[in-house]
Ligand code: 6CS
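Next up: just one chain, as structure tokens, the form predicted alone.
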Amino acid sequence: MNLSRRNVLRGTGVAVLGVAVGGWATACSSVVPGATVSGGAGNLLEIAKSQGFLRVGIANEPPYTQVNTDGTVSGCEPDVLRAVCQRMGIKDIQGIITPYESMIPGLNANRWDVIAAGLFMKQSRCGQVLYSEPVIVSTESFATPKGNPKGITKVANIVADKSLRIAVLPGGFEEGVLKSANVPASQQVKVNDGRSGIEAVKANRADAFMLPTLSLRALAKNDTSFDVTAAVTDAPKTGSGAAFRKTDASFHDAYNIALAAFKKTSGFSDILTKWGFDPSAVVGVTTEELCKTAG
């Protein structure tokens, strides 16, 4: 099957990408809505080891997750997941692209076995899934027109000026940040993905686009028509790790043990550094801490 980036991201369903240990695509198919996959019953670890793969819900938001032109999946979170799974005896992972607002419902409907997509921890999400210990800690920024003509650098600016319109991803962490700050829906412009957010700013449909700092910088590499602000100082600390169903507690526990061991190796810091993250930023940060974030 010839899988282009455009074909992967189109459609009302989700697309499956087979990802082999060495990074080469091994399969490609469509997910049938409502289909149950490997985590539907039994011991997930034994099932995944037996079938040779774990299915992972991802986005396509570099540097957190990335769909390559040949259909393979990479990015900081999938690369760490793949390495930890290999330590657990699971040969590879299969990426399934889905919008952020569908990630937890799809996980709990057994459409994939784990989420590794930069799905930042907060109270509402931590109440629905079991997060691993953090893999990354991140900051938020705004994409603005060149020169940032409206001086948007903080969430407080949006609260103070009711005329400002801010683009966000539905179900994304940033939407939750604005809701927690009581920014009304009328000031929020919902966009499908990172590129759509930038286009909303360029077309004057939004005054700024809120997204993780590194995600905006990745978009800016090929588009110099907008500015990326410094980290937003009044946004809560953010971070993410792999998210599992609450019924897969034994797998979650085993994964945390393997992740802790992997964090002590150079392989972990190499992955984070490759994708632009600071490995030292996650040191000492816990899931318990990040799950206290409101939203």
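Residue numbers run from 1 along the displayed sequence. None of these values were measured; they are calculated from a predicted model.
Note that the form predicted together with the ligand isn't included here; everything after this is about it.
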Can you check whether D207 is within 4.5 Å of the ligand in the predicted bound form, heavy atom basis? no
Are any of the heavy atoms in D79 no more than 4.5 Å from a heavy atom of the ligand in the predicted bound form? no
Should Y255 be counted as a contact of the ligand in the predicted bound form, where contact means heavy atoms within 4.5 Å? no
Taking heavy atoms and a 4.5 Å cut-off, does F244 contact the ligand in the predicted bound form? no
Quick one: which of 60 to 68, 257 to 265, 44 to 52, 224 to 232 gets within 4.5 Å of the ligand in the predicted bound form, going by heavy atoms? 60 to 68
State the residue from L169, I158, A143, V114 whose non-hydrogen atoms include one within 4.5 Å of the ligand in the predicted bound form. L169
Where, within 99 to 131, is there a heavy atom within 4.5 Å of the ligand in the predicted bound form? Residue list please. Y100, A117, G118, L119, F120, R125
